[in-house]
Ligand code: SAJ
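A single chain, nothing else alongside it, follows as C-alpha cells in the form predicted on its own.
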Amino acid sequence: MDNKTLKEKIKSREARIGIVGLGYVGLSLAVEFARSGFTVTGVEVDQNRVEMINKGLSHTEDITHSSLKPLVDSGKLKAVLSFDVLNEMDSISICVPTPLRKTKDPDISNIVAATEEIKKRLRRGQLIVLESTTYPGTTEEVLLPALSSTGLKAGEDFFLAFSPERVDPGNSVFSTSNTPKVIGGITPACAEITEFLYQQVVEKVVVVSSTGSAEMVKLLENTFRAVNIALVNEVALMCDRLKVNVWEVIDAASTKPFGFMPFYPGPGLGGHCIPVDPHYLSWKLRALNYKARFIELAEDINMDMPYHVANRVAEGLNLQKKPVNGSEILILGVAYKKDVSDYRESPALDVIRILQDRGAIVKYHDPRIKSLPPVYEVEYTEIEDGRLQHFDCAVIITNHSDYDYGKIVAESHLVVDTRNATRDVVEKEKIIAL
C-alpha cells in the first residue's frame, strides 16, 4: 500500500483507527475519530476500563456517557484487551502514560512496550503516531529503530509521526476537535499523511519540520506554564511580605492590553503535565551537559508553596491563640484543579502531609473525590449540617464550582483561601489569603 492508497481510505472513512491506551487522552481521541465516521478500536490493559467503555460508560469527565454510548452501540468504537487487533489497523495512535520515576527521570516504559507490540504486527501502509508526552528525540531514537528493525522503511513502507496531546481536563471551551493539532513526521511523506488524517477530526493542523520539534512544542507549552506559575507564586510571597493584595495586583496588571498575560498563584502544582513535563526537558538537556536553570528554579518555588500554605494556616490559628498541633483542619478540595476528579500530583496531598506532620488532625472534603488510597491516611467528611463549625480551620485548596463559598465562610471559624475563591464574600475578617 502506498501513501495515496492510505489517503483514499482515510478520505472514504474506510481507514481503521487503533488507539493504544484509553485514558482521558486516548478516549477523547477515539471519540473524535468515531464521531467523524471512522471505525475505532482501542487497546487498553485495564480490564475494568474496557468493560466500562464497551457498555458505553465513560471514565473521564470530559466524555459523557450520552456521547459515548451511541458510538459504542453503532459499532464505531470498541475497546479490547488484546494487541492482536493492531495488525488490522490502518492508523495506530499511542496514548499511554509517561510518568516520572522517583529520581525524576522519564519513564517511557509504556511507550517502549506499546512499540514492541506494534512492531510484532507492523505491516506495509500503516501509520503510527505517538501522542504521549516525552523528551525530544524519542520518536526518532526509540520508535524508529524498533519499527525499522522489521525491514520496513519509514516514509515508504510505513509512516511514523509525533503529535502531542493537548487535552485540558475540565475545559468546557477547548476540546480535541477545536484545539490546533501539532504534528511532525519522520519524513515529509509521514508528515503529509498524518496531517491528512488529523484534518478529518480537528479544525486546524499545524505541521512542524520534524518529530523532535513536535516533541519540544509540548514541553515548551507546559514549561512556559510552570515557570510563569512559579513567577506569580514568588510575587505572592513578595506581596505577603509587603502587605499587598496579590490578587488585586494581578487584576490591575491584566488591564494592560499588551505585554502581559495573567497567571495566578496557588498552593502548588498538580496534575499529570505541568509538574512532570519540564523534567523531560531538563533530563534530556543534562545528557547534553546543559543545566535548565529556569526549570529547576521554578520547581523549587512551586514545591515550596504547600509549606507556605501550612504556614498561613499556623498564622491564622495563632491569631485565635491556637496551635497547629491538635487543631482540627478541613481541606476543601483535593483535586489538582477545579471541577475535575483527578488528584494526581495534587498540592492538597502535600499540604495534608505537612499539617499532619505538625500535629494537626486533618480531614478533607471534595465533591468529586469521596475516597483516597489508604497511603494518604486522611479521612473524607461531609460538610453539610453545620459540620464546618467543628473544624478550627478550613483550607480552600481546589476552588470547585460546586462550593458555596459564602456559606463556607459563614459557618467556619477560620478560612485559608489559596485560590481567591472567596473574593466576593463580604465577611473578610475570617479569611486568610494566600
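Throughout, we count residues from 1 along the sequence that is shown. Remember, it's a predicted structure, so these values are computed and weren't measured experimentally.
Absent from the display: the form predicted in complex with the ligand. The rest refers to it.
Enquirer: Of 168, 107, 240, 192, which residue is found within 4.5 angstroms of the ligand in the predicted complex when only non-hydrogen atoms are counted?
Expert: Selected option: 168.
Enquirer: Which one of 86, 160, 273, 295 is close to the ligand in the predicted complex, taking close to mean a heavy atom within 4.5 Å?
Expert: After the contact test, the surviving option is 273.
Enquirer: Given that the partner is absent here, does residue 364 sit within 4.5 Å of the ligand in the predicted complex, heavy atoms only?
Expert: Outside the cut-off, so no.
Enquirer: Given that the partner is absent here, does residue 175 sit within 4.5 Å of the ligand in the predicted complex, heavy atoms only?
Expert: Because no heavy atom of residue 175 falls inside 4.5 Å of the ligand in the predicted complex, the answer is no.
Enquirer: Verify the contact flag for residue 264: yes if a non-hydrogen atom of it lies within 4.5 Å of a non-hydrogen atom of the ligand in the predicted complex, no if not.
Expert: Residue-level check for residue 264: yes, a contact with the ligand.
Enquirer: Just to confirm, residue 284 within 4.5 Å of the ligand in the predicted complex by heavy atoms?
Expert: Close contact is absent here: in the predicted complex, residue 284 is far from the ligand, nothing within 4.5 Å, heavy atoms only.
Enquirer: For the chain shown here without its partner, which stretch in 315 to 323, 200 to 208, 256 to 264, 97 to 105 has non-hydrogen atoms within 4.5 angstroms of the ligand in the predicted complex?
Expert: In short, 256 to 264.
Enquirer: For the spot marked by 222, 336 and 419, is every residue within 4.5 Å of the ligand in the predicted complex through some heavy atom?
Expert: The answer is yes: all three residues contact the partner (heavy atom, 4.5 Å cut-off).
Enquirer: Mind listing which residues of 19 to 34 have a heavy atom within 4.5 Å of the ligand in the predicted complex?
Expert: The stretch touches the partner through 24 alone.
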